[in-house]
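Before any questions on binding or motion, here is one chain by itself as C-alpha cells, the form predicted on its own.
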Amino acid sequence: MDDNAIEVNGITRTFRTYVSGKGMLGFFRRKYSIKKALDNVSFSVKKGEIVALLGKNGSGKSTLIKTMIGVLYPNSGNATVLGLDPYSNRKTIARDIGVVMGAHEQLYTDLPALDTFELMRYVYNIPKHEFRKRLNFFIKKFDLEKVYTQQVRTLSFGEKMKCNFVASILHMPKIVILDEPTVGVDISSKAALKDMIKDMQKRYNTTFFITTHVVEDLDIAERIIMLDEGRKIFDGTSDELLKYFGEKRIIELHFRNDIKKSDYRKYGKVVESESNYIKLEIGKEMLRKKSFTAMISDPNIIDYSVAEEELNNVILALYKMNKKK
C-alpha cells in the first residue's frame, strides 16, 4: 500500500502577464510576458506527516496548493493526492481533504459559525450523532463555547480563524492543507491551532501540509520544504537546515572589567558591545582555534555563551544564496 499522501512530480506552472503599450492606442498594443510561478517542483509527503512549505510572498506557495487540490492544472509535470489526479478527481478527493486559506473565510458574516458547521454536516453527509460528538470536541479544544453561536462579524480575528478551521475539518479529512493559517492571529490562537494539529496527527494519523512565510510556525513541522521564485531550494528538517547552512555562531562575553572592542574584531564580527560586554558573530571553525580557546580562558571573563545562528538568519542566507545562482 502506498505510504505517500501527496506526490508532486516535476510540476511547472506559468501565467501570462499582459503589459499595455504606450500612448492612446496602448490598449490595442498590449504585450505579454510569461511568469513562471512553479519551476520543476518535486516532493512527496507521507501519510501522517506534518510538512511546512516555507517561502516569501510570491514564491509560488499558493499556486502549488491550488495545483495540488485541482483548482489549477500544471503546464508540465503531475501531482497525485491519495493516489488520484486532483484535477480530474476533484469531487472524489474533496471528501478526504480539508483546506484552510488564511485570508479567505468560508464562514457567513451575518450568521453564527454554528450555521456553517451545520451546512458542512449536510455537504459531507455526517451522521448527526457523529457530528455532535466531533463538534463538541473541537469547540472545547478551541475554547469556542461562548462564541460559536454568535454572528461571525462580532468575533475577533483569532476566533474567526479557529471557527474557520473547525468548519474545514468537521468531515475528518485525511489531509489538511493550511495556507498561511496564522497571519494576523494572536499568540493564544496560534498555540491552540498547533496543539490541535499535533492532536489530530496522533489520534487519526492526519497529514498536514502548512504553507507559511512565518519562521515561528516551523516548530510544529517535522519537515520543511522551501520555495523561492517557484523553485524548491531546500527539503529537510530545521536541524538539517541549521547544520548545512548555519555556519555562524553567536558568542556573548561578559567581563569583570572594561574592554576594548577593537581587541575582539580578529575573532569575528562585533554585533553588539558595551564597556564590559560584547556579542560576536564568528565562523564555527573559529571555535577550534587555539587563539579563541586562549581568549575564552581570560580571567577577566566572568561568563560567556555560545549559540547557533538563529533559524531566521539561516533562511535569509539561503534565499540570498539562491539569488546568486
Partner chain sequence: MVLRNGHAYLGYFITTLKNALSYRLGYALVVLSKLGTSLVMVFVWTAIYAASGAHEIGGYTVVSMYAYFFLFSLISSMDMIISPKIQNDVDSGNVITYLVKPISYPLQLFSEGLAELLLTFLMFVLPGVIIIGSVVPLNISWSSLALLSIEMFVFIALAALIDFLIGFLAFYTTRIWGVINIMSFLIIFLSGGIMPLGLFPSGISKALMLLPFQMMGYTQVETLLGLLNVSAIMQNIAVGAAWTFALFIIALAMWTMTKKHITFAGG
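Numbering follows the first chain given and starts at 1. The structure displayed is predicted, hence computed values, not measured ones.
The same protein also has a form predicted together with its partner chain, omitted here; what follows describes it.
Contact with its partner chain in the model of the complex, defined as a heavy atom within 4.5 Å, is made by none of K133, M172 and L193. Residue Y108 is the only one of F137, Y108, F157, Y204 with a heavy atom lying within 4.5 Å of its partner chain in the model of the complex. Distance criterion of 4.5 Å from any heavy atom to its partner chain in the model of the complex singles out R90 from the list K141, K198, H213, R90. Contact check for K66: a heavy atom falls within 4.5 Å of its partner chain in the model of the complex. At the 4.5 Å threshold, heavy atoms of D115 reach its partner chain in the model of the complex. Among residues of the shown chain, S188 is not one whose heavy atoms approach its partner chain to within 4.5 Å in the model of the complex.
Looking at V123, you'd find a heavy atom of it within 4.5 angstroms of its partner chain in the model of the complex. Of the stretches 72-80, 217-225, 230-238, 204-212, only 72-80 has residues with a heavy atom within 4.5 Å of its partner chain in the model of the complex.
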